[in-house]
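Take a look at this one chain, the form predicted on its own, written out in C-alpha cells.
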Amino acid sequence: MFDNYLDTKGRIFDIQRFSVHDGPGVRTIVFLKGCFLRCKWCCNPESQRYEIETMIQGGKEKIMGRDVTVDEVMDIIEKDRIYYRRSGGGVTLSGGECLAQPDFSVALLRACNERGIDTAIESTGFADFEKIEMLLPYLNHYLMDIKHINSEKHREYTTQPNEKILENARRIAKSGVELTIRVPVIPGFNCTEDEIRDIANFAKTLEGVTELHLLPYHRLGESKYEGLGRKYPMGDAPLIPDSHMQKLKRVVEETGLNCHIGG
C-alpha cells in the first residue's frame, strides 16, 4: 500500500462536494461503505453493509456502492482546492465508518495530507485502536460520536457496547489530533438532561476537548429504508422540539464546554 498507495482501492457510495458540515470550511465528503454499528436512527442505511446494493429512489433503481482508487477520488477532490483554501475547508471521510476500510482511508488521508489539504473523519471510534492509530499522522480533525455513557443502552440501540469507544476517545484525545465530540440526540435513547450531562461530563475529561455538538434527530433517511426493502427501526418517533434542544445546550455549557446544535 505504501509504495503505490494511490492505487489503493476502496468502496464508496457517494461523494458530496461543497458541504459546510462535518468539519471547518467548505468540504468534500467521501462516504464509505461498511459500518460496525447498526444505529436505529441511521440516516444512511445504504452505508451499513459493505456489499454493493440496489436501492429504489423515485421509482428507479440506484446502485449503492462502487469501487474506486485513491487516485480517482483525488481527481475529484482537486477540483475544489480553491474553495478549501479560501474557506479553511478540506476533505472529510464519512460513511458508514471509515475504520471499516482502514487501508483505503489511510491512503486517501495521506494523499490529501501530502497535498496540503485539510483532513477530517466523522467516526464512531468503534475499532481496535491500531486501526485508528494508522490514520492519526494524516488527520487534522476527528469528529467522534459519543452516543451514550450506559453501555447496555448503547448496545440496545446500536447493537454494540461502548467500552471500546470510550477508551478510544481517551487515547485519541492524548494523540494531539483535534477531537470534537458529537452527540446524535435521539428520542427514547439519550434525549434527557441527565443523559446529555453524563456525556458532556465524560467529554470534559478528554484532553484538549473544548466543543460538543448536539445533532438533533431527523427522519431524512426514512425513505431509504423503504428503498432497500427494510423497515425503519425508529418507527414513528417524534422530532425533538428546538426548545428542548436549547435546554440540552445549556446543560452542556454548564460543564464548561462550548456547545453547538448541528454539525
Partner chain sequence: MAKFYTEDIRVSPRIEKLRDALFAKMPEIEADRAVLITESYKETEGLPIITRRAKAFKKIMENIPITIREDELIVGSATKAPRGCQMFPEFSFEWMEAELDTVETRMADPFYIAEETKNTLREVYKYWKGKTTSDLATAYMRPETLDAINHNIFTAGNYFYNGIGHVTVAYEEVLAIGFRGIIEKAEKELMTLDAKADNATEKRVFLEALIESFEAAITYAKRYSELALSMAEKCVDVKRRDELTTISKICAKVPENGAETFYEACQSFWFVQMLLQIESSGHSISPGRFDVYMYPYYKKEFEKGSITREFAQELMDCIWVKLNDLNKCRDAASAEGFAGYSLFQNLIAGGQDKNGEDITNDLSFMCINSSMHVMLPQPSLSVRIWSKTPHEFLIKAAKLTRTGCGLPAYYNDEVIIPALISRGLTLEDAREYNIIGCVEPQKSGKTDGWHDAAFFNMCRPLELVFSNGMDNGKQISIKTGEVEKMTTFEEFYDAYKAQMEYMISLLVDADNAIDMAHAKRCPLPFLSGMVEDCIARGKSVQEGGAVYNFTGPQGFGIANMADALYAIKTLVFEEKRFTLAELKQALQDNFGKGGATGLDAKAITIGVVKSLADKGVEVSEEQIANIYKNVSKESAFVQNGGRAKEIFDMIEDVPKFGNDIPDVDAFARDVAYTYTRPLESYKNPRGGIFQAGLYPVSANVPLGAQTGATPDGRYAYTPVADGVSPAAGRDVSGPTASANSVAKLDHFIASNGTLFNMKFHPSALEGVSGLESFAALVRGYFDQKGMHMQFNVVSRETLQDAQKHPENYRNLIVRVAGYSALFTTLSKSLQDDIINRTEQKGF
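Numbering follows the first chain given and starts at 1. What you are looking at is a predicted structure, and each value in this text was computed from that prediction instead of being measured.
What comes next is about the form predicted together with its partner chain, which is not displayed.
J.: Considering non-hydrogen atoms and a 4.5 Å limit, which listed residue (Ser87, Asn113, Thr180, Gln160) is close to its partner chain in the predicted bound form?
T.: Of the listed residues, the single hit is Ser87.
J.: Can you work out which of Leu228, Leu37, Leu206, Val26 has a heavy atom no more than 4.5 Å from its partner chain in the predicted bound form?
T.: Partner contact (heavy atom, 4.5 Å) among the options: Val26.
J.: Look at the stretches 47-55, 191-199, 230-238, 216-224 and give the one with heavy atoms within 4.5 Å of its partner chain in the predicted bound form.
T.: After filtering at 4.5 Å, what remains is 216-224.
J.: Is there a non-hydrogen atom of Asp80 within 4.5 angstroms of a non-hydrogen atom of its partner chain in the predicted bound form?
T.: Taking the distances in the predicted bound form, the answer for Asp80 is yes, it comes within 4.5 Å of its partner chain.
J.: Should Gln16 be counted as a contact of its partner chain in the predicted bound form, where contact means heavy atoms within 4.5 Å?
T.: So Gln16 counts as contacting its partner chain.
J.: Is His21 part of the interface with its partner chain in the predicted bound form - any heavy atom within 4.5 Å?
T.: His21: yes, in contact with its partner chain in the predicted bound form.
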